[in-house]
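Given next, in C-alpha cells, is a single chain: the form predicted on its own.
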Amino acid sequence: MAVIYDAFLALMAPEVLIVVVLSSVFGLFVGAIPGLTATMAVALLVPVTFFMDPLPAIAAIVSASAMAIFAGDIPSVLLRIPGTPASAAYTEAAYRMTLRGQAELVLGVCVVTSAVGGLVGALFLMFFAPAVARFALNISSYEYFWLVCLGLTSAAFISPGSAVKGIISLLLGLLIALIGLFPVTGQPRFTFGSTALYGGVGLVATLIGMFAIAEILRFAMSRDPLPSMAKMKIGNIFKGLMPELWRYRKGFANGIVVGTATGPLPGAGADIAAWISYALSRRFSHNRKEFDEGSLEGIVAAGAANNASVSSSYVPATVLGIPGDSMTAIVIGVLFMKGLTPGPTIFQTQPTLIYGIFLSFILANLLMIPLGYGAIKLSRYILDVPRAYLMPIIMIFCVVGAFAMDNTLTAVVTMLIFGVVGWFMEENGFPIAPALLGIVLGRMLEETFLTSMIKAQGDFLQFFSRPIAGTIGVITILVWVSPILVMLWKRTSGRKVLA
C-alpha cells in the first residue's frame, strides 16, 4: 500500500495533473475529428513526451488514448461517421437513434459506459499485472521466444481483413527490424552505408509516419465531403440514463468482461473488442427486431468493451514487454526512450512509476465524465473545424516532432518514407498493426532466439524442454499449421460427400 500511496502522490503533483488534463483535451479533440484515430493522437504526443519525466509522459499517452476512444463516439452519433475504428461497430445504431431524437441519451450512455468500462479495466490491470509479473520472473528466454512468436502470430491472424495480408504486413515489420547492427557480431545489416541506420530505424519517426502522415495523405487524396450534422440542441445527456443502464445491465457487464479479456490479446485492440461485444449482444438479444432498428442494447455493451480493452491491453506490455496493440507498442517505445525496459523486473526497480501509470488510468476515466460532457456540448464547434486548415497544422507538428528527436533530417525523411508506406498499405487493405508489432518485437525475437540457441548449444529441441515453453511452443506451431489442417479437413469432407 505504501507504494500505491507514493504513486498517488506522484500522480497528484501539479505538473503531472496539468499534463493529464491537457492530454485529455487533446485526445478528445483528435478522437472527435472523423478520420483521426486514437493511435494518431498518441503518435503525435510522443515527440512532446520526449521532454517529460517517465510518469507524466506515460500518463499523457494513457489519458489521450482513453479520451480519444470515447470521443470517437461523438461523430458516430451526430454524423454517422465513427471518429475512431473502435466506434464503428455501433455507429449505425447510434445514428438511427439520433434521427429518432434520442441523441442526448445515446451520448450520455457512451460517456458513462466508456468511463465505467475503463475503470474496471484499470482495476483489473492494477491487481492482475503484479501477480503475473511475479510469475514472469521465473520464465527464461525459451518462454519469451515462444510468447513473442505467439503474439506476432496472433497479431497477423486477428487483424481486420485478410490473414495473408496480415502475415505480409508482419513480415515487412520484421524485415524493418533487421536494419541496424547484428547483436552478436556488430556487423551492419541493410544500412546501405548510412551510419544513421546503425541503431535501426527510428521508432518514433516510423510511428508518426505510418499513422499521422498516412492519414494526411489519405485526406489529400479524398474528395468526399463530410455529411451534414444532425440538427438538434444537445441538452442534459444524463436525463433518463440510469433506468436505461439498469435495463441493459447484463449487456453492460458482458461488454466489460469481453473488453477486459480481449485487451491483452496481441493485435486485438479496442475496435475488435467492440465488434465482438456488439456481435454477442445481438446474438443473445431477446428483441432482435428492435436491436436491428437501433437500440441501446448493443451500444451499451460495445461502448463499455472498447475502453475496458484499452486498460487491460497494458498487462502484457508492462509485465512482459510484449505490446497488445499499436498504442501499447508506442508506450513500450517511450519507455525505452526513457531508458526503462518493460518487463517483470520493472515492478521491482520502478514500482512507483508502474503504479502511477495504473492510477493514471483511473484518473483519466474519472475525468472522462466532466471533460466528455464538455466535449459533447462543444461538439458542434469541434466537428466544424475545417480539415483543410487542420491537416497542414498537423503536418507541421509531425515534421517538428520528428526533427526534435535527434535534431537531424534523418528522422524527418524516415517519417515521410513510412508515411507513404503506411498510406499504400491501408489503401490496399494491409493492416498496419502487425507491421508495427513486427518492428517493436523483431529485435526481442532475434535476441531471445540467439540467447536460447547459445544456451541450448544449437539443439532446437531444448526450446521445448521446459513445461511452459513447450506448451506455448506447441500452441504456436498448431496456430501456424491450422490453416493447412483446416484445408485438408475440408478436402477430406468434400470427397466423402461426393462418394
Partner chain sequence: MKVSDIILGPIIVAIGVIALIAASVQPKPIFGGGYGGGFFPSIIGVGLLGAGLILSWNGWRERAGVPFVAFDGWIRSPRHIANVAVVIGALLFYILASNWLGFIIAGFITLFATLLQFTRSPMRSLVVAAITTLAVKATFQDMLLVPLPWGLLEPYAGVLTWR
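Numbering follows the first chain given and starts at 1. Bear in mind the structure is a predicted one, so any value in this text is a computation, not a measurement.
Same protein, other form: the form predicted together with the partner chain, not shown, and the subject of what follows.
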Which of these residues, Val106, Ile330, Ile213, Met368, gets a heavy atom within 4.5 Å of the partner chain in the model of the complex?
Ile213
The one option of Ile346, Ile139, Leu245, Leu416 with any heavy atom within 4.5 Å of the partner chain in the model of the complex is Leu416
So in the model of the complex, does any heavy atom of Phe336 sit within 4.5 Å of the partner chain?
no
Would Ile432 show up as a contact with the partner chain in the model of the complex if we use heavy atoms at 4.5 Å?
no
Give a yes/no on whether Val48 approaches the partner chain to within 4.5 Å in the model of the complex, heavy atoms considered.
yes
Using the partner position in the model of the complex, report whether Ala388 sits within 4.5 Å of the partner chain, counting heavy atoms only.
yes
Which of 24-32, 453-461, 56-64, 469-477 sits within 4.5 Å of the partner chain in the model of the complex, heavy atom basis
453-461
Sequence-ordered list of residues in 180-199 near the partner chain in the model of the complex, where near means a heavy atom within 4.5 Å:
Phe182, Val184, Gln187, Pro188, Arg189, Phe190
